[in-house]
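Only one chain is given next, in structure tokens, and it is the form predicted alone.
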């Protein structure tokens, strides 16, 4: 089994290489066909043509596109993702510092969405078109339909502005607190490891509303998917026999959950990847400064190097997530 899994993982990694190259090339071209001139943005609006020419030369923008792309790939092979054109900081440093903030938001939201959505979907499938099923479908439709940024704004209006239950949606901690020294990059975990309980409580408070918004956004698809999978499994012969034999509802639920495990794990990978994109809007609304927030700023500022690094990070995360999902599927259902 270990040898099979290793061979499978190696094959998937090799297949992913041309996919990553294609994503890199498309991104590289898209950021260069826009109307904004990064040299003018860096040099300033009153820079003379000589300075603009020098800036383009320093950035390598005076070279043909294929030369620029080749140079970028060579630097990439050396672990150099370039430097941000806005602040001169290495893009890799930005990615490593912002990614944990995004993961601290996305992973709890995904876990809560599945912990709540899967039981709701399974229970709804046991009595299709019943009251519980109709209510659950309404919740799922709400999660599908409502834009996450609007949900974030409404959560801020209700829980911060109207009720005063939530902290100000600005950053990761209260402004009067000093963030502990980074250890893992995860703000809440770093505060707990440092024994700074005030900072930990503040971090959790600032995390609650964004996680709630993402949980609602992800919970709708989870409920719908779990219900559809469960209804299909409930129509299979062995479940029909179990019902006819008088098996308890709890036991039938366990049988359905076991049969739905593999498709749910696969769907969890899809949801995790989609939450990276969805979470960027939530991060922006709550000013959390995660990977998505940083990436959106880079896109709006036409920071080519940062945009390329951001897209590459999302692509690599997607490849890793689907590789883990495929390995989990192989372990759950080993087939020749």
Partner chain sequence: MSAHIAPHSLPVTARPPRSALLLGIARRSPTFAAGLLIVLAFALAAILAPWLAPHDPVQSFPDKVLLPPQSDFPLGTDGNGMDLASRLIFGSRYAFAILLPVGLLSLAVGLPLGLLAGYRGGWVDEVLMRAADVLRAFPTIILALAVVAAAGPSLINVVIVVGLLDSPIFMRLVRAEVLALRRAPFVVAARAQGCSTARIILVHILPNAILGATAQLPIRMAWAVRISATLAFIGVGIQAPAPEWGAMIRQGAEYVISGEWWVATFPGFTLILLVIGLNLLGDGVQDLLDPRRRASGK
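Not measured: the values here are computed from a predicted model. Positions refer to the first chain, counted from 1.
The protein also exists as the form predicted in complex with its partner chain; that form is not presented, and the subsequent description refers to it.
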| property | result |
| --- | --- |
| Interface residue in the model of the complex among 305, 268, 55, 281, criterion: non-hydrogen atom within 4.5 angstroms of its partner chain | 281 |
| Among the candidates 82, 220, 169, 100, the residue which, in the model of the complex, approaches its partner chain to within 4.5 Å (heavy atoms) | 169 |
| Residue 67: touches its partner chain in the model of the complex, heavy atom cutoff 4.5 angstroms | no |
| Residue 156 within 4.5 Å of its partner chain in the model of the complex, heavy atoms | yes |
| In the model of the complex, residue 23 touching its partner chain (heavy atom, 4.5 Å) | yes |
| Residue 59, heavy atom within 4.5 angstroms of its partner chain in the model of the complex | no |
| Stretch in contact in the model of the complex with its partner chain, which is absent here, among 158-166, 82-90, 255-263, 190-198 (heavy atoms within 4.5 Å) | 158-166 |
| In the model of the complex: members of 216-235 within 4.5 Å of its partner chain, any heavy atom | 224, 227, 231, 232 |
